[in-house]
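Heads up, the chain below is alone and in the form predicted on its own; it's given as structure tokens.
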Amino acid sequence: MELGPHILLALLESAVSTAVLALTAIGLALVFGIMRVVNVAHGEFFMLGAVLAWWITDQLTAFSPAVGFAVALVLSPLLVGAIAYASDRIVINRVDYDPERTIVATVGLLYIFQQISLMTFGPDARPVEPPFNTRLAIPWLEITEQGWAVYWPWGLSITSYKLAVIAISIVLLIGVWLVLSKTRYGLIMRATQQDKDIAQAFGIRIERVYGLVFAAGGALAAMGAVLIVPIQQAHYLMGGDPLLLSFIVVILGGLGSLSGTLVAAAIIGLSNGMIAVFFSPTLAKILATLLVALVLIWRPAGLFTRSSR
């Protein structure tokens, strides 16, 4: 059995987790880049998105899975965004966005959200039925004596839903870029990131911007969770891995650098997926953590951040 088709399959499977990781990490990078807040509760926004997606689809079982999932895809990020906004107003704002105190505050939010989810939905993992799940054969291109030939080897396939996750994530990431670079609100966020005092002098309400940015970061994490929950399962402890990988991606990409975050997400997501498929998920996490340690030693600003002069 040839290795090539299996590498292709592993790349496609890794691309699914990479797309979700990019959404989650962009939310974390957005919050840190603009607010300078290290949000330790970011993984719990991911968890809440998945759990709420299960709950919403469960309430709509009378309809088709596609209808329930479509409602969850819209409603769950909005609800999590509202929870994140309330968290900023009630907790983060009250500690004046101080870097040290916000870490402690978001750790507290982490445990609060975990326990609320546990008491409300229970400890069991909850499956969500995908809206569509057609298996698609993976073609493989081979050179024969007659020329190039395409065939479908050994029944290797991927589901249509996984390909949809990749496509939807790309559209959402392009949407985030358009909002940040082409809209008035994006201009306000960039101005706040550059110098919040000057932005405030021009009449920008910094606290409102911070609240909306924190809500947007939570909503992006929830969106990634909704997309992945038909492949995985929703449970109250599922926020740990997304948080760890998002921090790794943001550190590698450069704190606050969105373009660097996307590149780092592709590197970490694809390499983790390939190592997990051919070796073990534990080894993938060990190597990713070791890479972060080396980057913090040799290039603390991140691999894709220009050195200041």
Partner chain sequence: MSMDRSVLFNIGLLLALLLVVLALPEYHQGNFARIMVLACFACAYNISFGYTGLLSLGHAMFFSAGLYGVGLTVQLLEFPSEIGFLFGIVCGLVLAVAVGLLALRTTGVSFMIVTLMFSQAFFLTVLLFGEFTRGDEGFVISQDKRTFLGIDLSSDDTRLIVSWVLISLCVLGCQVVVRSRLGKVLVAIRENEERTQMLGFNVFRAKLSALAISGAMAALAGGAYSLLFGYVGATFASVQYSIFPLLWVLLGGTGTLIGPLIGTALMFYLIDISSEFTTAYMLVAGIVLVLLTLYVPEGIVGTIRRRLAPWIQ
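Residue numbers count along the first chain shown, from 1. The model shown is predicted, which means the values in this text are computed figures rather than measured ones.
Below, we refer to the form predicted together with its partner chain, which is not included among the displayed structures.
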> Of 170-178, 71-79, 215-223, 109-117, which is the one stretch near its partner chain in the predicted complex, taking non-hydrogen atoms within 4.5 angstroms as near?
Replying inline: 109-117
>> Taking its partner chain as it sits in the predicted complex, is V165 in contact with it (heavy atom to heavy atom, 4.5 Å or less)?
In response: no
>> Using a 4.5 angstroms cut-off on non-hydrogen atoms, would V67 count as touching its partner chain in the predicted complex?
In response: no
> Hey, in the predicted complex, is I248 touching its partner chain, heavy atoms inside 4.5 Å?
Replying inline: yes
> I83: heavy atom within 4.5 Å of its partner chain in the predicted complex?
Replying inline: no
> Which of the residues spanning 72-101 lie within 4.5 Å of its partner chain in the predicted complex, based on heavy atoms?
Replying inline: I90, V91, R94, V95, E100, R101
